[in-house]
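The form predicted alone is given below as one chain in structure tokens.
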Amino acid sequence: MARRTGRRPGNPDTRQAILDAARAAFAERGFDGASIRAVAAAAQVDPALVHHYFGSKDRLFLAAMHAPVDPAELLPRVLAGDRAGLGERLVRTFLGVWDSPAGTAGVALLRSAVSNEWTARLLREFLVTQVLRRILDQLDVDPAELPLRGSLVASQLIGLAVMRHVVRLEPVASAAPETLVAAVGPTVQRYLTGDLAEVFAG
């Protein structure tokens, strides 16, 4: 019998090797700095095999993150409609994911990010490249303000997730989603489109 060399498509070890290499690459270089070719080289496979398993860099990143959902499928609903309601739509969609069975994976990711720096890096990259950038790029605001606006929005959303699903602080933990949308949505809206000078002035 001829001795088998290398990894074959369909071998579970191949897919896992690609994911391991991708997690390391995204954590070390960020989403923008990591490439399919570099991931393939680290996993010792052909780049075509990465595409075979995952299709695109975005999908590879989501798989490496164990992301509960693909933001690209949800954000069109957030961005549709009037600009004044963007904050409420974002919070409503966010809660819809975290309060669903898919949110269990998100809670596990949050818990891990608190104690694991690599997971924290991946979570930051996920929020910036897959969620916040796709929203902020659609807004007519000063480009220099985008990083601050994005981090402020993230502080509200992640803080809400932690209080509701990790710390389980009442009454936030058991509040109706629309109650939280009404309470948090306007704050997120100010961070997205408001005058930042007014935000910091109180």
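All of these numbers come straight from a predicted model, not from anything done at the bench. Each residue number is its position in the shown sequence, starting from 1.
There is also a form predicted in complex with another copy of the chain; it is not shown, and the following applies to it.
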_Position in contact with another copy of the chain when the complex is considered in the predicted bound form, options 102, 114, 72, 79, heavy atoms within 4.5 Å_ = 114
*asked:* Counting any non-hydrogen atom inside 4.5 Å, which residue from 135, 27, 154, 63 sits next to another copy of the chain in the predicted bound form?
replied: 154
*Heavy atoms within 4.5 Å of another copy of the chain in the predicted bound form: which stretch among 47-55, 163-171, 31-39, 63-71?*
163-171
*So in the predicted bound form, does any heavy atom of residue 177 sit within 4.5 Å of another copy of the chain?*
no
*Determine whether any heavy atom of residue 184 comes within 4.5 Å of a heavy atom of another copy of the chain in the predicted bound form, and answer yes or no.*
yes
*Answer yes if any heavy atom of residue 15 is within 4.5 Å of a heavy atom of another copy of the chain in the predicted bound form; otherwise answer no.*
no
_My question is simply whether residue 23 lines the interface with another copy of the chain in the predicted bound form - judged by any non-hydrogen atom within 4.5 Å._
no
*Contact set, 43-66 vs another copy of the chain in the predicted bound form - heavy atom within 4.5 angstroms*: none
